[in-house]
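What follows is a single chain, given as structure tokens, in the form predicted alone.
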């Protein structure tokens, strides 16, 4: 499968800090690729370099087959970027936002209006087309923001934490949009702080830690690195009292149960034992162990 994005030995320094310290990426065309990492790991810096906004110190970067250093115009013509907050004009209507972007992108008046109508339907915003964006919900604004990025068809879309701050319903609606883009052949490069988001959407996931890729693979491949089942002991209200990873074998499960029996928590009234498969949360914590900022960064959406 041809590569939509490829980096080798990518380095970027801010002051005395190496934000990226030899980053290697290979993103196949027509896939969703998720980049995870603790605060300050370099996720946004990576996107800024891939989209020509920031120049790297060294290394090679090719996007859509073009070198970002020597052919930035060709790269810009083939990508779209949606940042962490919706960049929409709240005074204008949904249609007016899209028509304005179409005109700025070189479309004629009629073509811009046709494209606006097409995108409003695609992102399920037709009923709100004539409403001012100030009246939109957070999820609707994010969908409109994504539509604005796609006024001109591009093969590669960069999404920097696109669902941050959205409620569960709005997040899942945006996930459906991202899936439809992937199914239509668009390559989506995604950074996210939601582990469930990467688990649900990504064909491949890379964990960025201390400026390098610490692990990469499918969700199942990454989970397999952790080992077997996890034995949990919870109280009657569901609060976690004890968590014991195992190798998945009968002997491993028996050893874990013996440890549960020896734990004082087992005597708590109503305490119950359950077994679950490893999650991306387990993967992330294991891979980034020792990274001070990792604990509050990635959260698993419930």
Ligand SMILES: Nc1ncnc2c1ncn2[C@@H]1O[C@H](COP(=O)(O)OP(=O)(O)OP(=O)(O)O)[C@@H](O)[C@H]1O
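Residue numbers count along the first chain shown, from 1. What you see is a predicted model; the values in this text were computed from it and never measured.
Just so it is clear, the following notes concern the form predicted in complex with the ligand, a form of the same protein that is not shown.
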* Mark residue 256 yes when one of its heavy atoms lies within 4.5 Å of a heavy atom of the ligand in the model of the complex, and no otherwise. => no
* **4.5 Å heavy atom contact, residue 39 to the ligand in the model of the complex** => yes
* Asked: Does residue 95 make contact with the ligand in the model of the complex, using a 4.5 Å heavy atom cut-off?
  -> no
* 4.5 Å heavy atom contact, residue 52 and the ligand in the model of the complex -> no
* From the candidate stretches 31 to 39, 60 to 68, 267 to 275, 229 to 237, select the single one in contact with the ligand in the model of the complex, where contact means a heavy atom within 4.5 Å. => 31 to 39
* To do: Establish, in the model of the complex, whether 27, 82 and 187 all lie within 4.5 Å of the ligand, using non-hydrogen atoms for the distance.
  => no
* **Position in contact with the ligand when the complex is considered in the model of the complex, options 193, 170, 149, 200, heavy atoms within 4.5 Å** => 193
* Could you tell me which one of 209, 161, 216, 145 places a heavy atom within 4.5 Å of the ligand in the model of the complex? => 161
* Asked: What are the residues of 45 to 77, in order along the chain, with a heavy atom within 4.5 Å of the ligand in the model of the complex?
  -> 45
